[in-house]
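Single chain ahead, by itself, as structure tokens, in the form predicted on its own.
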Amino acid sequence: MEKFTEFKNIVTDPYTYCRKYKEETGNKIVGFTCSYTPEEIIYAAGALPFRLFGTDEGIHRADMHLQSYCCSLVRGILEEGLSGRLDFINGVVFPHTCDSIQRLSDIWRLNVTPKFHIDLVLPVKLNTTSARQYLIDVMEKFKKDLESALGVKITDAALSDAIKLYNQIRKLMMKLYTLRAQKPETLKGRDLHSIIKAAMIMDRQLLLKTLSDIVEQTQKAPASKMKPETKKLLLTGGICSHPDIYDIIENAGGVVVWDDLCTGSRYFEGILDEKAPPLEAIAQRYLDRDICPAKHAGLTDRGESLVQMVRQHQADGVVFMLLKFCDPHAFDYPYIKEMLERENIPCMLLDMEEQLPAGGQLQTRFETFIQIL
């Protein structure tokens, strides 16, 4: 499908896309490092939110500032900043998430070519009585900081329009994920991966139109019966920058029917209340949506949520995609694994870096896991 090619081209070369977008529209581009960034506020300011994914090429400059045991995502983002390849962005937003992202913010401020720089200090504990008001106050401060940095006025009308747009996008994403869970043979995992990553990069109005077309075509696509021996898997972890994973799983006799990833369902999960005051609606979504390990909403909240996802989508097993040296996910893994085992849900741990292990070795691991299932 031609539209998949468009998504793949954007993901393969996002910088060229952004430079062309900026030249054609005159709009500013704001980089961000985490899905806890309120993109609606950036969009309402007339700027394009752009997710920073770093680089999987050689990392040299960043190693002068970060220890080798820092995760490859943080090192890759800093490498791109120091290299000058991100010269098209007007500034960067650093949400208060893991320790590495917070320290990346400090290093960026001191060493990367001056552009505006905003720290978004979100609460860590989200289930207290004060968390909601604190989040609303943080959103208000972020709005003012962004207005000052971009020299614009962000109106409630612009925020409401942005919320409506993002709600439409999230609904379509959820529909596409649901369609794939029901008819996995109609949409390759690699193609879905391209869509979700491109959604964090491209013009959001164009994204909405293209997504609508893809959902419509996927709904009309004739469903062929999935082989009875095919095993349904659920991926969980931080980010996934390796579309080859989906090919390897499919070649091994499995299919990914859902995920719990920052570059997946956690990115688009949660619809905002369009009737509520805009900043309150944005804050409430972060309180309600499935959390990542950098936040806290109960000792077993993430494990229970994952078990529920497995049951809901009738997955046969779970694959943990653990980015090497990612402490929050590594700390969560033992107790979640224990919870899955209590529910008789098999799981597999995959340690990842910027490069995947040798293809043959990985193929064998997945084939073995799927045979066990």
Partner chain sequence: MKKQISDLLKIIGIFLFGKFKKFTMRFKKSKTMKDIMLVYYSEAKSARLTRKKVAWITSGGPVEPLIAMDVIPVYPENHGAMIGASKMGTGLCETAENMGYSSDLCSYARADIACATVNGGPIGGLPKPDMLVCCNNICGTVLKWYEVQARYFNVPLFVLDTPFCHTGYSEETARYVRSQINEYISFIERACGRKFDYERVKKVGHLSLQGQQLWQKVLDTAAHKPAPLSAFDAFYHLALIVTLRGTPEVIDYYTALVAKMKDRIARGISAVPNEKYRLLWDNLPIWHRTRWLYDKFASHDACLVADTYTSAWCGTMKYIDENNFIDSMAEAYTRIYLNIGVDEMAKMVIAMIDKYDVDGFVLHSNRSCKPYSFGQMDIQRIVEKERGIPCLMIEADMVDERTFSESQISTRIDAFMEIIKERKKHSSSISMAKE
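Numbering follows the first chain given and starts at 1. Treat the numbers as computed from the prediction; the structure is a model and nothing was measured.
Not on display, but discussed next: the form predicted together with the partner chain.
Student: Can you pick the one in 156, 99, 274, 229 that has a heavy atom within 4.5 Å of the partner chain in the predicted bound form?
Tutor: Flagged contact: 99.
Student: Which one, 183, 266, 170, 296, lies within 4.5 Å of the partner chain in the predicted bound form by heavy atoms?
Tutor: None of the others qualify; the residue that does is 296.
Student: Among the candidate stretches 116-124, 188-196, 158-166, 236-244, which one is within 4.5 Å of the partner chain in the predicted bound form when only heavy atoms are counted?
Tutor: Contact-bearing stretch, as computed: 116-124.
Student: Taking any heavy atom pair closer than or equal to 4.5 Å as contact, tell me whether residue 311 reaches the partner chain in the predicted bound form.
Tutor: It does not: once the partner chain is placed as it appears in the predicted bound form, residue 311 has no heavy atom within 4.5 Å of it.
Student: Spell out, yes or no, whether the shortest heavy atom distance between residue 300 and the partner chain in the predicted bound form is within 4.5 Å.
Tutor: Residue 300 belongs to the contact set for the partner chain.
Student: Closest heavy atom of residue 327 to the partner chain in the predicted bound form, within 4.5 Å or not?
Tutor: Yes, residue 327 sits close enough to the partner chain in the predicted bound form that at least one of its heavy atoms falls within 4.5 Å.
Student: Considering only heavy atoms, tell me if residue 68 and the partner chain come within 4.5 Å of each other in the predicted bound form.
Tutor: Output for residue 68 is yes: heavy atoms within 4.5 Å of the partner chain.
Student: Going through 89-114 from first to last, which residues have a non-hydrogen atom within 4.5 Å of the partner chain in the predicted bound form?
Tutor: Heavy-atom contacts to the partner chain in the predicted bound form: 96, 99, 100, 102, 103, 105, 106, 107, 109, 110, 111.
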